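To begin, one chain is listed below as structure tokens, in the form predicted alone.
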């Protein structure tokens, strides 16, 4: 599998270079940044809790070279489109994908950094719509490149992550948290990161999966929702925190919650019960990894899925089905990854069960829902970096 993925990466690198040479002549500098997974810790970020992400071996890769002008010329291999724009606020490109790159340039400039005109060709193998944060990988790739190319790496990594987040907020209309960009910038091979979403302090934890494979099973469904389920759940959490007299549920215990059970709605109680439990599950996983205890890691993943399905109610029939099949196949751990209502499960699978699990889950899902899920084995890898 590793050889396959390395060959895929090399082929992408060659394709990018060939396009760059054809369009702009010569060669530039190659940069990459990664998509991400989150092993555990969902809906905890806006509750001041912990998340546990890592960068993966699915990347956005770009070849970039200054062009001695005040214009940016960029070509996307994957969608066969070009964009050209200046570096002033009024120069925003009409192409949505190019706004991510323009936004990064503007956010660097707003912080007193330097960006000059450049030519770029980029491509990626981060699956779109699978919850692996291809947009954060794109932002982090170009933010890292602008810092390396024009600013002698004077902008620190936290600020690079915030540049990506601000790009989403100010140029792409997405009010996202910091986790995706943080994972893409700070990712480290064979390590996951426990990020404290309140203080932004983080710690690396070893995650070298000897004897296991991490695999995403993408249901390829996303349910249309008639209301704002994420906002409603956030409001539930805020109401409970206010009732307890605390800023966020990060500071609540199950005992605190039980004490006010009669004073809040059943729905609010369930939402808070999930969040408080998830906070502890992240810490349990950190302790288990320190002992090399992957069985406990896996059981906490199943508990998270159960909580997201029954208490937070952000699952759907297809994801519950995938989780049930994983249990039937003896998969060590499985859960929804991401906000819910469709998308992927993330699965921790012993190597000798990997092929049987993939075969069974693919067939059973196709038999029930009429289409096969997509299978993405992933390896925890480095984040934003210069390749050449």
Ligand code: GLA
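Residue numbers count along the first chain shown, from 1. Keep in mind the model is a prediction, meaning the values are calculated, not measured.
There is also a form predicted in complex with alpha-D-galactopyranose; it is not shown, and the following applies to it.
Checking 43-51, 59-67, 24-32, 349-357 against alpha-D-galactopyranose in the predicted bound form, the stretch whose residues place heavy atoms within 4.5 Å of it is 43-51. Proximity of residue 176 to alpha-D-galactopyranose in the predicted bound form falls within the 4.5 Å heavy atom cutoff. Contact check for residue 230: a heavy atom falls within 4.5 Å of alpha-D-galactopyranose in the predicted bound form. Taking the partner from the other structure, alpha-D-galactopyranose in the predicted bound form has a heavy atom within 4.5 Å of a heavy atom of residue 338.
Not displayed here, alpha-D-galactopyranose is approached by residue 180 to within 4.5 Å at the level of heavy atoms in the predicted bound form.
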